[in-house]
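What follows is a single chain, given as structure tokens, in the form predicted on its own.
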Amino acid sequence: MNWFATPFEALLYLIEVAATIAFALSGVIMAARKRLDIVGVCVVAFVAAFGGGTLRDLLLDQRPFFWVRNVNFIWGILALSVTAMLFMRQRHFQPTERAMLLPDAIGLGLFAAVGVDMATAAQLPALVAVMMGVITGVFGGVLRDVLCNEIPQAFQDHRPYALCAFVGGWADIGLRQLDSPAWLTVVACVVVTAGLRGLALWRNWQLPIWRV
């Protein structure tokens, strides 16, 4: 049985699965830092994993939403949340902010690539496609932080976050203009976005902040 019409469709699906897992893990770690119960952990993980993609589907008028089309996503996130909590307790894992940064950066790059590709497939203008990538990559983390009573990390840690997804989206669009293979454009968006975010964290790059 052929699950996907082309290898590229399979690649996009795997990227979306990986992005969902990465953001769900960031949600679990954030919820654990806030000492939420199992229901709270699952809710924060769901919101982090599905928030950006849901807003993207709303703006692109995609029905049903991506996690409704693939119900296994819901079961997978539920299982991941419970398993991760048990693992962290047994190993006495300390849910620090630093522990959340890696899955958050990876999920940012992966979801940004999916958002750009879906908007491009809908034949939207390049700038709109890039913004869809930014929204898909950023909004889940914003909702996660708001639910946990935090100023969203995307806005307050002063290290490039949404800007990384913006640059990664343009890398994708630029390669498309050069008639590069579809898989290369998507991979480039992931690598540039996650890579820039990783460099920003490593080198502690700071964006200008508002000064009174």
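Take the two forms, superpose them, and find the largest set of C-alpha atoms that agree within 1.5 Å; that set is the rigid core. Just count from 1 along the sequence shown to find any residue number. The shown structure was predicted, so the numbers you read here are calculated from the model rather than taken from an experiment.
Missing here is the form predicted together with another copy of the chain; even so, the following discussion is about that form.
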property	result
Option touching another copy of the chain, based on a heavy atom within 4.5 Å in the predicted complex, out of V187, V167, L175, C148	C148
4.5 Å heavy atom contact, L102 to another copy of the chain in the predicted complex	no
V71: touches another copy of the chain in the predicted complex, heavy atom cutoff 4.5 angstroms	yes
Close approach of M85 to another copy of the chain in the predicted complex, 4.5 Å, heavy atom	yes
Proximity of M132 to another copy of the chain in the predicted complex, heavy atoms at 4.5 Å	yes
Partner contacts for 57-72, taking another copy of the chain in the predicted complex and a 4.5 Å heavy atom cut-off	L58, L59, L60, D61, R63, F65, W67, V68, V71
Cα displacement of L25 between this form and the one not shown reaching 2 Å, rigid core superposed	yes
Core fit, then V44 C-alpha moves 2 Å or more between this form and the one not shown	yes
C-alpha of A79 off by 2 Å or more between this form and the one not shown on rigid core	yes
